[in-house]
Each structure stands twice: as structure tokens, then as C-alpha cells.
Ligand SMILES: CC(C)(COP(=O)(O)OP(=O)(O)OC[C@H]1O[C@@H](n2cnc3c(N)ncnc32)[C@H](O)[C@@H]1OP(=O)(O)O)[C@@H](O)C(=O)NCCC(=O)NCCS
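Heads up, the chain below is alone and in the form predicted on its own; it's given as C-alpha cells.
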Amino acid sequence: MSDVADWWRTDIIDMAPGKIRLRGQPIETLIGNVSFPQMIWLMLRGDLPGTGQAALFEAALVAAVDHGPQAPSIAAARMAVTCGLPLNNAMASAVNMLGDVHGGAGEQAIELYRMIDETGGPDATEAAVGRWQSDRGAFIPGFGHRFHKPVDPRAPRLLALVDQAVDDGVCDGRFAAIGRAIEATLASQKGKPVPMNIDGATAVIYAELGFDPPLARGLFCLSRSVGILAHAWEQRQQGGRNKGPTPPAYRWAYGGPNPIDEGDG
């Protein structure tokens, strides 16, 4: 039996007939007494957050729930529904699109923030940004936005909540300072503002709260799953069948030999 029992080993859940304990706490004492964000924290970290930590954590989760059907993951969920997939399959299709390019910037931003923090803090920002660009490419994760110009409206609100949390003693604000230092460095490089976006702002919060970089991507998936579910359900109510990424009347750009002339019979 020990060989079987030790096949999986976990500190997360202990369960026996009629008993469930999560991180050592009976499920019946958690139900009705902790919020869903607090439960996420407990499962990931092993303890319950303080009131201020929970509020800041929840704000980051709320901010990233949706960005409309122009986001590839949301579009994928809606297309999946029109192909006859149930909601769980539509959600899985969408979440599976959240990779390094679409969904991974928060994780990468925390990696950059921590690199700066470990090499001198805000004063080391310019050198760290240069090293990042040399090693990993010109794109700086968490800054600038292809749609929201000049400012992503979510970022200033989240940073204001971080500032309040610093005043309340919830966090120390050093990652917020690093994020702002990156903004200043990029503005100096580009000759124009390159403001923090949602990924950079939520990364500030997750870094301030002590989450490791890979968890930023997992938390983004949890957050965005809310929007994915809402869009999948809405599409199911609207109907539609086999909807692709563009209406049928629009054709893709063809670059191969012998293109078909629209006048061909």
C-alpha cells in the first residue's frame, strides 16, 4: 500500500470518507467564510491572505477577465461553440492559446522586474532593459499596447491600488517603482510614452504579493477564463454554425501560383 499511496504525494488535500481538508483546513469551515480569490491564494500558497492582500489580489484577477472577440483566445472560444463544442471544450480551446505571445507577458514581466530588483533596483533599470533586449529581443513585456493608446485604462487604476496598498502596509512598493522606472526608460529610448499595460500592471501586483513568475500566467488563465466562458455562452445563445475568423464574403490573401480571377466561371 505504501507504494500505491506514495505514487502521488501532495500537501494540498487530505481526504477520507466524509472528510475533506484543503491545506489542513476542513472544507466546511472554508465554505461561506472565504472568497474565491482567497481560496485561490490558499491553494497556491498554503495560507490565507490578509484583507489587504486579498483585495489587491482580487483587483488583478478582475482587471484581466476579458478583452473582446479581437483577442485570439476569445475568438477561439466563440468559433468552437459554433462548431458544436460544449462550453468546457470551448474554454479548453481558448486557454490552450494562452502561450508566450498571447497570455505570457505577465510571467515575463515578473522575470524582468525580479532581474532588476536583484541587480540594484530602479537605478539598474536601463542596464537591465538593455540586457533583456540583447538576450530576449526588443519587445519589453508589459509595456505598450497595440489597441489602447495612449494609455491602457486598466493599468493606472491597478497602480493606484498598489500605491494605496503601500500606504496601508500591505506591500512595500518596490516592484511598482521598478515598473515605473521601466516606463521612464522606454520613453527615453523611444522619444514618446510607452505606458504600462494590463500585463505589466498585474505583474506588479503579483510580484508585490510574492507570486513566482509562472504563476502569473496561470492566474491570467484563471482570470481570462471568466471572459472566455461568458463569450462562449453568449455565442451559444446567439447561434451560428461553423463561423470562421472572417465572414464568408471575405477572402484571404493568396500568394501562390495561378490565382483565381474573380471573373473565372
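From 1 onward, residues are counted along the sequence shown. The structure presented is a predicted model; accordingly, all values stated were derived computationally and were not measured.
Omitted here: the form predicted in complex with the ligand. The next part is about that form.
Student: How about A176: is it within 4.5 Å of the ligand in the model of the complex, going by heavy atoms?
Tutor: Close contact is absent here: in the model of the complex, A176 is far from the ligand, nothing within 4.5 Å, heavy atoms only.
Student: At 4.5 Å between heavy atoms, is Q53 in contact with the ligand in the model of the complex?
Tutor: No, Q53 is distant from the partner.
Student: Looking in the model of the complex, any heavy atom of Q133 within 4.5 Å of the ligand?
Tutor: Q133 belongs to the contact set for the ligand.
Student: Would K190 show up as a contact with the ligand in the model of the complex if we use heavy atoms at 4.5 Å?
Tutor: So K190 counts as contacting the ligand.
Student: Within 4.5 angstroms, counting heavy atoms, which one of the listed stretches 118-126, 157-165, 79-87, 137-145 is next to the ligand in the model of the complex?
Tutor: Among the candidates, contact is made by 137-145.
Student: Pick from V170, M91, A71, V194: which has a non-hydrogen atom within 4.5 Å of the ligand in the model of the complex?
Tutor: Here the answer is residue option V194.
Student: Can you pick the one in L219, I40, A232, I198 that has a heavy atom within 4.5 Å of the ligand in the model of the complex?
Tutor: Exactly one residue meets the criterion: I198.
Student: A105, K149 and L186: each with a heavy atom within 4.5 Å of the ligand in the model of the complex?
Tutor: Looking in the model of the complex, the three residues A105, K149 and L186 all sit within 4.5 Å of the ligand (heavy atoms).
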